[in-house]
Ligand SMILES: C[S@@+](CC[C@H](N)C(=O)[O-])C[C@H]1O[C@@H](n2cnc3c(N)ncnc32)[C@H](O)[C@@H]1O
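What follows is one chain in structure tokens, specifically the form predicted alone.
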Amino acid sequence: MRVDRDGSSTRHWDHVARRWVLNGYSNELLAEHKRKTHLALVARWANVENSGRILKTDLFEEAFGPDQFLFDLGQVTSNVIGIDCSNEIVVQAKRQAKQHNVDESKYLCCEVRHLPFPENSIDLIISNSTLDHFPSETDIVTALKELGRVLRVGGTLILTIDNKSNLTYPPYMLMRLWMQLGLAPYFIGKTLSPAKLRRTLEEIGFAVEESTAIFHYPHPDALVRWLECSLRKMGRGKFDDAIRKGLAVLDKLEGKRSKYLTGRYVAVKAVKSATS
């Protein structure tokens, strides 16, 4: 599949969604690990039960993967909004939400750079690897400004984005070739360095209270996914606990000073200041 040059387009993500329904999700242990890591990060940086209106900036996991975590939050509070630029993804996420007995009435099709919400109307925003699917850094900044517009003063943004400081993060030229050859399942966009992300958030009017790096395993995704599939196939489930323990051991790298060299995503907790 040749990937659309504008990864933010509805047409592109509708196409990805139709293919994903057919192919399924084969990396159950990685998905399980992602879900637990995101839930732990949110629990560390926010009080979901008392957070008021919560917005998640895409619904891809909820539509297709066991790596979803919004349904878990939906068990704690019904005041959850989910958005996605693809109507196909929104429809599938709503189907999955019903199966989890979660209210999906606030799942909307819209674009994160143009949100249909008033200023200061959201209390907590969770944006996990949404903004790193845009074709330019300018798009990322536009999206961050829009998130700042709808977040209330004192509200919290929990954001994760591809970490270009990772030692195994490939040059963008290589990723562009990967997409042109049809080897990428979806558009891989630009990202910001940890320092530039912090600086950009502060310029918009956020105070960055926490910053870390999560998911400490190397690029490329295809290699990691292939390793999991191969080990599970050879061991017929016998290696599952060992894989889980291995991922848990790698997670301990978050506590090291070198965490930004090994983490796949930068994660930040930013609070909207009164002067923004």
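Predicted model, so just to flag it, every value in this text is computed and none were measured. One-based numbering along the sequence shown.
One more form of this protein, predicted together with the named molecule, exists but is not displayed; see below.
Checking 110, 181, 174, 167 against the named molecule in the predicted bound form, a heavy atom within 4.5 Å turns up for just one residue: 110. The stretch among 127-135, 97-105, 70-78, 199-207 whose residues place heavy atoms within 4.5 Å of the named molecule in the predicted bound form is 127-135.
Annotation: in the predicted bound form, residues 211, 251 and 259 none come within 4.5 Å of the named molecule through any heavy atom. Remark: residue 34 counts among the residues lining the named molecule in the predicted bound form, judged by a heavy atom distance of 4.5 Å or less. The closest heavy atom approach of residue 117 to the named molecule in the predicted bound form falls outside 4.5 Å. Residue contact check for residue 85: one or more of its heavy atoms lie within 4.5 Å of the named molecule in the predicted bound form.
The closest heavy atom approach of residue 89 to the named molecule in the predicted bound form falls within 4.5 Å.
Heavy atoms closer than or equal to 4.5 Å to the named molecule in the predicted bound form belong, across 186-209, to one residue only: 186.
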